[in-house]
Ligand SMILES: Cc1cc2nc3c(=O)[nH]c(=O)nc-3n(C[C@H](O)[C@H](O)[C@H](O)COP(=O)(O)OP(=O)(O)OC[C@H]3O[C@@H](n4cnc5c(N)ncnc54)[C@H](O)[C@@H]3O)c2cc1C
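The chain below stands alone and is given as structure tokens, in the form predicted alone.
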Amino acid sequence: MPAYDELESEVIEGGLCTYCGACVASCPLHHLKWIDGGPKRPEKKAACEDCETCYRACYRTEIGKGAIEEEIFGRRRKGGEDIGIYRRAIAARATDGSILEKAQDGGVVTAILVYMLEEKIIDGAILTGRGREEDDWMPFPKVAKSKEEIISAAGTKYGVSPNLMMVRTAVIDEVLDNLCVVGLPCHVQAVRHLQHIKFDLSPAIKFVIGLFCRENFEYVQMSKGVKERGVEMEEVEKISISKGFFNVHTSDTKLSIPLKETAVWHSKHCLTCDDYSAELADISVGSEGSKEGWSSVIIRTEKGEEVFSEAESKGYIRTEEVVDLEYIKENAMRKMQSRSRDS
């Protein structure tokens, strides 16, 4: 029977861990904890010897995308579906000025979350916030239960954020039973795996929003690289990637670093991920493929279509058809091909 020891040797120490936090959330006795940037069991417990919960909760140990695609979409992807199965792709932008003020691009994720919260479709969202200090750009998972908390988490942050670790917190501690999880492709795959294995808390996850991701960065390495180029992280107001550059915005300057110079910042576990557009989400959102100030939205499931259409009809978002889907597909193929070369 595989247990924590196997999870540690095969996944965590084996370089496969994406630091999603699912294993921590799965442990019913809280023996797994998030320590020094990763999942750890501080003490060996007798209860762990006959327990395979954390091992089974890890999406790196079992079922691949194909079986889960059948559960979500009723079929597996076909050849040529380079960004996974979807219904339509569109450009969108939030209409609320308070959202746009904090948003990375079009503020669509924030607007959809606010819509679902105000319409009581969800009672909370698990997403990536910033550290506990106002000037701290280190990602930090959080449970948001109000419009203000959702807006405060708007904008892109780079670095590991174990969002799934908060599932148990949201359901048990916060007593929430209608959740939306927002995360990178690795988070999305982890959520779908938990639903596939019928993890006891997974019924509370009602909606999944995925974010486009070329690769993530190690926060410490990224902040060091930015500082070496003359900008302190506490000065940073926004971080973005566009047209081959990593951009750091302050109140009066914009530092643009060629992406090829940021390769040393990449999280090593990203080398094992070939999913660019969060292919298993209900809705996937990113900046690439749309004009500045707008978001590219890939609507994948019937549930995603219903939520998006209602959010639009009730004025939370506005849309236009101009989205460069070929560019998005090129990015997806580029990521997939680079991973096959690395493997």
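We number the residues from 1 along the sequence you see. Treat the numbers as computed from the prediction; the structure is a model and nothing was measured.
We do not show the form predicted together with the named molecule, though everything after this point is about it.
Spell it out for me: taking the named molecule in the model of the complex, does every residue among A103, L127 and N216 have a heavy atom no farther than 4.5 Å from it? Per the other structure, all of A103, L127 and N216 touch the named molecule.
Check each of V109, L164, V188, C180 and return the one that places a heavy atom within 4.5 angstroms of the named molecule in the model of the complex. Contact check passes for V109.
What is the one choice in Y86, F199, F246, Y158 with a heavy atom within 4.5 Å of the named molecule in the model of the complex? Checked against the cut-off, the match is Y158.
Even though the partner isn't displayed, in the model of the complex is D282 close enough to the named molecule, meaning a heavy atom within 4.5 Å? Although the named molecule is absent here, D282 would stay clear of it in the model of the complex, with no heavy atoms inside 4.5 Å.
I'd like to check something about A154: if you look in the model of the complex, is any of its heavy atoms closer than or equal to 4.5 Å to a heavy atom of the named molecule? Result yes; A154 sits at the interface with the named molecule in the model of the complex.
Is L184 close enough to the named molecule in the model of the complex to count, meaning some heavy atom within 4.5 Å? Taking the distances in the model of the complex, the answer for L184 is yes, it comes within 4.5 Å of the named molecule.
Although the partner isn't part of this model, could you tell me whether E288 comes within 4.5 Å of the named molecule in the model of the complex, counting any heavy atom of the residue? Within the cut-off, so yes.
Heavy atoms within 4.5 Å of the named molecule in the model of the complex: which of the stretches 247-255, 146-154, 225-233, 72-80 has them? Only one stretch passes the 4.5 Å heavy-atom test: 146-154.
For the heavy atom contacts within 4.5 Å of the named molecule in the model of the complex, list the residues of 1-25 involved, in sequence order. Heavy-atom contacts within 4.5 Å come from no residue here.
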